[in-house]
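A lone chain, given as structure tokens: the form predicted on its own.
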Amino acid sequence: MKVAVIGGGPVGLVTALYLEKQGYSVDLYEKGKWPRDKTCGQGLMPSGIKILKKLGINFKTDLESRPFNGISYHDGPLSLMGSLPKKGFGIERKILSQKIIDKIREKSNINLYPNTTITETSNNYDMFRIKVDGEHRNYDYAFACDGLNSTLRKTHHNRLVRKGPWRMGAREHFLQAPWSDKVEVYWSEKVEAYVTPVSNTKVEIAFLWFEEALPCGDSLRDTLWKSFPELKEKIHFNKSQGDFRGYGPFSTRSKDIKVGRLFFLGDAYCFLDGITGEGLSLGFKGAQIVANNFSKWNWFSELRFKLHYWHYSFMVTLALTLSHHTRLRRFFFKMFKKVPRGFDFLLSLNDL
């Protein structure tokens, strides 16, 4: 059986590895080249790390990545810290991309097609057909891993516009040593800032906010930083990597997991918000379920897949409610300050 994976981000790459593991011949198409960068939070939760390790992908904890053992939340004078049952890792997306693509290049049954534009696709009863450089290629199944603004989602009429308000994101890297062994989250009235250590000498600052709360223009970077005076004191702005980039809005998702012989995975299926930090781990888990069951896909396989996303939706809804309502958030902080183990348990639930 021959299959195609369209989109070479981490979820697409992991999908290819799972399919190869099942004995399939895989063609992997990417419109750009590897390693791939992306504007996103760069923390990997423990369950995602576990999946990558099982696929033979490990990280050096020095200039390549940095472990973290929990999350700390800061809201004005209030703070709340929670521990994870196992360590997560901060790792730059380009480095993560390179690590997985290096593993793929060891596999003779995976054919890589970087810098490749697919100009046409058709979803027939007995095959999935793509057109590349004027040539038609036929596959038994295909897997759409082409991201938040998936082209395949549009062309195969699987696009669902989410109800607003929509969220936006941005990120920036600084060449300075991390000051904490946790991911730090800072809350303001309109924005959240996430500090992730990505190596022993670098941190990433990511921002998330509701589109309607801030104007997106030339002054966006300054506007975001003005919301976090406490965090600004910790940052060496002269050591910025100069890579401030915005992303969003997070406005669409897929209606269905499967359309004919095409499956939707990762952000191409559903990305609600980066606020829970479980996006990549979620995509990896979905890839594993689909790769192991796609040829005999049934209601039980779909239920297993959807259970992960229902859980994700619940955690995102909870976190966004706290983001919307300052008083409720501060009550939440004070309550769990008295029961720290309860907060540890909540963090572990976020990464089932």
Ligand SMILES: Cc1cc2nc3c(=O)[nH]c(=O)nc-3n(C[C@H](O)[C@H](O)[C@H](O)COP(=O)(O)OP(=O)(O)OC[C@H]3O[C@@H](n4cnc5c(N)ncnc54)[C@H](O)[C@@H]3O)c2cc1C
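Start at 1 and count along the sequence shown; that's the residue number. Keep in mind it's a predicted model, so treat the numbers as computed, not measured.
In what follows, reference is made to the form predicted in complex with the ligand, a form of this protein that is not presented.
- Interface residue among F228, F128, Y73, F271, judged by heavy atoms within 4.5 Å of the ligand in the predicted complex: F271.
- Look at 73-81, 129-137, 253-261, 164-172: in the predicted complex, residues with non-hydrogen atoms within 4.5 angstroms of the ligand sit in 164-172.
- Though the partner is left out of this view, G41 does reach within 4.5 Å of the ligand in the predicted complex, counting heavy atoms only.
- Among heavy atoms of P249, none comes within 4.5 Å of the ligand in the predicted complex.
- Although the partner is absent from this view, R93 contacts the ligand in the predicted complex, with a non-hydrogen atom inside 4.5 angstroms.
- By the criterion of a heavy atom within 4.5 Å, H308 is excluded from the residues contacting the ligand in the predicted complex.
- With contact defined as any non-hydrogen atom lying within 4.5 angstroms of the ligand in the predicted complex, the contacting residues in 1-16 are I6, G7, G8, G9, P10, V11, G12, given in sequence order.
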